[in-house]
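Only one chain comes next, encoded as structure tokens, the form predicted on its own.
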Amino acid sequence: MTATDASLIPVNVVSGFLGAGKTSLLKRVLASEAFGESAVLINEFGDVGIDDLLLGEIAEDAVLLSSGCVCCTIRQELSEALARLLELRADGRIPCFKRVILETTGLADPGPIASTITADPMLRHHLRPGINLTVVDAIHAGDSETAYTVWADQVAAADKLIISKTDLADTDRVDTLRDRLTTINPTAEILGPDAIAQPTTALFRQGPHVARWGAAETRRWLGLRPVGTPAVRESAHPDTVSSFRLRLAGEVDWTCLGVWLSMLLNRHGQRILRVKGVLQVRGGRDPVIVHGVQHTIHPPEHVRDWPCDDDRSELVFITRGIAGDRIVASLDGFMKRVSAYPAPVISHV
């Protein structure tokens, strides 16, 4: 795992269940001059209504909009579509762009998109995983979660969640949904429908640099609750998505933990929907932010100072059908057998 290369173009993903409001968001993005340096990949043109915005056809599958966006349909595999987009950019047939915004279908799990980028030897030299943004319908969220497991996958993969259609739902329903989203994904920032009505490029930027945040804000961003706060309940049901956190007391062998985490996600990536946390690395003064989605580990972020009041290492897991005590046993056993240093004390809270 290496530090993020700022020169790489981020691929931001917009997901959300059928009818959640992705189309409304994309209409605003495509029309806004604020997104003029964006390449937008969408699966279907039909519902987006961009005909009146077209400035001219650049290629069979790419159009330049009056806002400055480059908009492409995905008619082949994602890796091929991204490679084609980079080819058009390199040849000067479309303007240079600073970000890619990818809309998934309503039934798609956004998790594997990051692995598509990082596993491709060509794409990973030009692109990097960006923000996962999921739109959630305040009216039908409960029914969607019950009927389709992918709904929870979309929520779990999100860096940011937008609750749509709040004007059609009563306050209690919206509050209940907000609590449910926090239970599934305590690391995500939750936004209201204004983010759809007036989108800005801040939608696709990660929150403020961790080192600038106070303890409360940082822990809220990481989903790390203060000591004494009840942990989220886990369920033994194999299809249930739950979250929990591990606290590691003492310095962490970064190499050993990195190998363990890579093996864990490789073996159980479809059930480890997300992991995110802050680590006190052995031999290093500064903390490390780690972030993984399903089979993919994002490059770690090294920050200057501890953003919290203490230097405890904590990891938040969002899983389907894997209990926290199994993760603790796996990590503890691996570190005791492999690491040359004393294993940190691991607690499941």
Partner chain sequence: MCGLCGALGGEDHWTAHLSVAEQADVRRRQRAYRIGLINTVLRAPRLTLTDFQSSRYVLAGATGKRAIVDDLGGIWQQAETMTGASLDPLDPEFLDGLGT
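Positions refer to the first chain, counted from 1. In this text, rigid core is short for the largest set of C-alphas that superpose within 1.5 Å between two forms. Quantities reported herein were computed from a predicted structural model and do not represent experimental measurements.
From this point on, the text means the form predicted in complex with its partner chain, which you will not see here.
Residue contact check for Ser24: none of its heavy atoms lie within 4.5 Å of its partner chain in the predicted complex. Using a 4.5 angstroms limit between non-hydrogen atoms, Ala31 is distant from its partner chain in the predicted complex. Among heavy atoms of Ile327, some come within 4.5 Å of its partner chain in the predicted complex. Heavy atoms of Val338 reach within 4.5 Å of its partner chain in the predicted complex, making it an interface residue. Heavy atoms within 4.5 Å of its partner chain in the predicted complex are found in one stretch of 251-259, 128-136, 153-161, 77-85, which is 251-259. With the partner omitted here, the residue from Thr201, Asn266, Thr149, Thr183 that has a non-hydrogen atom within 4.5 angstroms of its partner chain in the predicted complex is Asn266. Just one of Arg124, Lys98, Arg93, Arg205 comes within 4.5 Å of its partner chain in the predicted complex, counting any heavy atom, and that one is Arg124. Once the rigid core is overlaid between the shown form and the other one, Leu18 does not reach a Cα shift of 2 Å, moving by less than that.
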